[in-house]
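Just one chain follows, in the form predicted on its own, and it is written as structure tokens.
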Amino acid sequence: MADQKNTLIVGASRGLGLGLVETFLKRGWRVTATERSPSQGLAALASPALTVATADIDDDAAVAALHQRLSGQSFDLIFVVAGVATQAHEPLHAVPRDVAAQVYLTNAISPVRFAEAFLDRLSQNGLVAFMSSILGSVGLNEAGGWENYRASKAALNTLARSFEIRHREAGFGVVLMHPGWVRTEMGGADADIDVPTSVTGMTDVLEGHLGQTGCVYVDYTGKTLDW
């Protein structure tokens, strides 16, 4: 298909990333999905439209190697899903400094550095998406908890806005996406929605934003969130 869309899903070995890969494939997209280690879930989705590659967004050499491997490709959507929630339930002072720093690195710094490295692989009028969270909203933080994770996602939101402003003349859009509270390993069994509900909604929203510019912070239903 000459007009077939192409997406790069970064961090797709399980959970929401894996669900997004499956959803985009069902909608006729070509998908390149990254994993840090072999994923049975991705292997089960084997398709001529699916390319699986190994990469760790915290490893600059691995990101550079992936960039080289994907030479010649362009993507309508680059979605950095990868993130961690290490010791998320503990108050900040109880989290070792190195653990807190690693969460910030993986959730805030590495996603934006990855996007920067892959901008030359983004199609004209393409879209860069980052997996954020409603917990990254400073204005909506009325319950506390998840302190270090909240801070890392708030940092991601700030860095992504600056990233979009810095590249505004390039004409691509940036979406910071809250997937909802989802029943995944991170979200837990008591979460509000299942993975299919979340990824279907996120895919709808992202497809609707293709070709748009600016930076938005929305949830899987398309609702705008307070910064």
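Since the structure is predicted, the reported quantities are computational estimates derived from the model, not experimental observations. Numbering starts at 1 and runs along the sequence shown.
This protein has a second form, the form predicted in complex with a small molecule, left out of what is shown; the following refers to that one.
Residues of just one listed stretch (137 to 145, 121 to 129, 89 to 97, 76 to 84) have heavy atoms within 4.5 Å of the small molecule in the model of the complex: 76 to 84. Proximity of Gly15, Tyr149 and Thr184 to the small molecule in the model of the complex is complete: all three residues have a non-hydrogen atom within 4.5 angstroms. Interface residue among His67, His167, Arg36, Arg30, judged by heavy atoms within 4.5 Å of the small molecule in the model of the complex: Arg36. Looking at Ser133, you'd find a heavy atom of it within 4.5 angstroms of the small molecule in the model of the complex. Although the partner is absent here, Ala55 lies within 4.5 Å of the small molecule in the model of the complex, judged by heavy atoms.
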